[in-house]
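Okay, here we've got a single chain as structure tokens, the form predicted alone, with questions on binding and movement later.
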């Protein structure tokens, strides 16, 4: 009682089943679910933005010239707020909507004449900084050929050294 018509219907049913399974696999494998563990993605974007701005500030305007970042670090703690303000202005200078809720705090790590490493705040403390913010840290090494005469701590080594500029960046 089985003829050729029955076999064609069976093959058609098997092919339709395979197509449905393949479609379900493609739909499930391409669906992404945003979980609380994925909240690091905006932090990664903020970190990349801050890193790019520090790199931009560390690029000299002229060949053989000194970068703006080195100029501001040489100014010491007296120009720390200027460094923070220029950094934030660089972060806000992008296409799209305004990003006025960015905050930053700048620190400087250096080697003392005794050989230890010390970290000082280079900018004044943000009045809204509580320590519980979800911050990202961006850093940049700055090579100082001589110790700045003003604005730097007295225990800073009197030789050329690389200092670390650390910026804590967060959204208020």
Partner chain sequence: MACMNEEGQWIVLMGLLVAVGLFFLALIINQSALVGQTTAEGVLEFPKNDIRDLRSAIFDYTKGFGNVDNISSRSVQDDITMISLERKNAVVSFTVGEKMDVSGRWLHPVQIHYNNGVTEYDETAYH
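Every value quoted in this text rests on a predicted model; they were computed, and no experiment measured them. Positions refer to the first chain, counted from 1. Here the rigid core means the biggest group of C-alpha atoms that line up within 1.5 Å when the two forms are laid on top of each other.
The protein also exists as the form predicted together with its partner chain; that form is not presented, and the subsequent description refers to it.
Engineer: If we define contact as a non-hydrogen atom of the residue within 4.5 angstroms of the partner, is residue 154 a contact of its partner chain in the model of the complex?
Structural biologist: No, residue 154 sits far enough from its partner chain in the model of the complex that none of its heavy atoms falls within 4.5 Å.
Engineer: I'd like to know whether residue 8 contacts its partner chain in the model of the complex, with contact meaning heavy atoms within 4.5 angstroms.
Structural biologist: Although its partner chain is absent here, residue 8 would touch it in the model of the complex, with heavy atoms inside 4.5 Å.
Engineer: Mark residue 17 yes when one of its heavy atoms lies within 4.5 Å of a heavy atom of its partner chain in the model of the complex, and no otherwise.
Structural biologist: No.
Engineer: Applying a 4.5 Å heavy atom distance criterion, does residue 59 contact its partner chain in the model of the complex?
Structural biologist: It does not: once its partner chain is placed as it appears in the model of the complex, residue 59 has no heavy atom within 4.5 Å of it.
Engineer: Each of 48, 109 and 162 within 4.5 Å of its partner chain in the model of the complex, by any heavy atom, yes or no?
Structural biologist: Per the other structure, all of 48, 109 and 162 touch its partner chain.
Engineer: Could you spot which one of 130, 29, 146, 125 gets a heavy atom to within 4.5 Å of its partner chain in the model of the complex?
Structural biologist: Selected option: 29.
Engineer: Heavy atom within 4.5 Å of its partner chain in the model of the complex: which residues of 114-137 qualify?
Structural biologist: Heavy-atom contacts to its partner chain in the model of the complex: 115, 117, 119, 137.
Engineer: Would you say residue 158 moves between the shown form and the other one, meaning its CA shifts by 2 Å or more once the core is fitted?
Structural biologist: No, the C-alpha moves less than 2 Å.
Engineer: Is the shift of residue 117 between the shown form and the other one large enough to count as movement, that is, does its C-alpha move by 2 Å or more after the core is superposed?
Structural biologist: No, its C-alpha moves less than 2 Å.
Engineer: Superposing on the rigid core, is the CA of residue 44 displaced by 2 Å or more between the shown form and the other one?
Structural biologist: Superposed on the core, residue 44 moves its C-alpha less than 2 Å between the shown form and the other one.
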